[in-house]
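Given as structure tokens, the chain that follows is alone and in the form predicted on its own.
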Amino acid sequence: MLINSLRRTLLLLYAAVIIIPLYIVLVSAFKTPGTFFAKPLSWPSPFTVENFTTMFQSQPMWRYFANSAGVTLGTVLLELLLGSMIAYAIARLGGKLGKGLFLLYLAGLIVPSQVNMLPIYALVHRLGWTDEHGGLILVTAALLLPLTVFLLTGFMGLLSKEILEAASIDGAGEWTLYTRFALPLSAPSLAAAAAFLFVMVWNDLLLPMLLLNGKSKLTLPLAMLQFRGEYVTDYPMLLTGVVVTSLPMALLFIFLQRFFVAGMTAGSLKG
């Protein structure tokens, strides 16, 4: 009984830690600056959408949306292509060679991406890819590739070997097996990986901050920093930007949450 009560208390505290900041961000977006500073925890009174209209009139928000969407879609598509090919190869190789290759990619998850920032910037600068969305897509895809391989290898390992061997006996090559059998059968796993990657790339701030400089190239999270000044920060506008930036990912999670669960369980079962 005591343990159950303690568990409920801890869960309630954890829920409060998550819900209270979300509540403050959401209600602050519909407050005037005066109400925000006078009553930060109160319900918006008066309820206004002036922060949203001011933001879209003063900033090229649609361009920032397009930049984020382009970088996210490009990175996710590249990730799914490369990750599925590597995961298929690992599953087909099997044995010590397959496990060794899988562990090699798994080791990439151990190294924090922040450790590689200086070498990454030096390489991108030397290649002339700074302030280019293409360079940002390639770097982000390279850093996320170990995670994608980890997610997809578990699914690829569950493919029916009998089907692949029967098709191979009929003369199908590896490319045909990959495109005609492995990819269609792995559609749920690809959707799960895409859902994870969409959220991670859309919300990423560090790499765009490192590689993008021009205002016309900013992604949404990076554009939100414009509301943070050296001496004064426009908190109502900044929190409005957080709501606007989070809205697409919130909708994505609501419609694709079953793929999130499938990805987490499958990745933990086999790899």
Partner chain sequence: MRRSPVLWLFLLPGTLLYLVLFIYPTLSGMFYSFTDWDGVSPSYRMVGAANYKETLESIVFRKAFINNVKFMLVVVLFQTLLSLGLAMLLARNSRIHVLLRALYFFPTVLSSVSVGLIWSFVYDPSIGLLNLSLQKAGLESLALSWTGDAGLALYSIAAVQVWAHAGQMMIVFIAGLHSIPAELYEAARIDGGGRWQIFRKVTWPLLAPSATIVLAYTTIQSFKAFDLIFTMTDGGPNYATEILTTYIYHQAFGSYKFGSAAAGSMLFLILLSVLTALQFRALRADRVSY
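These figures come from a predicted structure and were not determined experimentally. By rigid core we mean the largest C-alpha set that fits within 1.5 Å across both forms. Numbering follows the first chain given and starts at 1.
Below, we turn to the form predicted together with the partner chain, even though it does not appear here.
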Checklist entry - in the predicted complex, does Ser28 have a heavy atom within 4.5 Å of the partner chain? => result yes
Next on the checklist: If we define contact as a non-hydrogen atom of the residue within 4.5 angstroms of the partner, is Phe181 a contact of the partner chain in the predicted complex?
Outcome noted: no
Next on the checklist: I'd like to know if Arg92 sits close to the partner chain in the predicted complex, meaning any non-hydrogen atom pair within 4.5 angstroms.
Outcome noted: yes
Checklist entry - Might Leu159 be said to contact the partner chain in the predicted complex, defining contact as any heavy atom within 4.5 Å? => result no
Checklist entry - Is every one of Val17, Pro40 and Ser246 within 4.5 Å of the partner chain in the predicted complex, counting heavy atoms? => result yes
Checklist entry - Using a 4.5 Å cut on heavy atoms, which of Ile120, Leu185, Ala191, Leu77 is close to the partner chain in the predicted complex? => result Ile120
Checklist entry - Using a 4.5 Å cut-off on heavy atoms, what residues in 193-225 are near the partner chain in the predicted complex? => result Val199, Asn203, Leu205, Leu206, Met209, Leu210, Pro221, Met224, Leu225
Checklist entry - Cα of Leu210 displaced 2 Å or more between the shown form and the other one, core superposed? => result no
Checklist entry - Rigid core fitted, is the C-alpha displacement of Phe36 between the shown form and the other one 2 Å or more? => result yes
Next on the checklist: Superposing on the rigid core, is the Cα displacement of Pro236 between the shown form and the other one 2 Å or more?
Outcome noted: yes
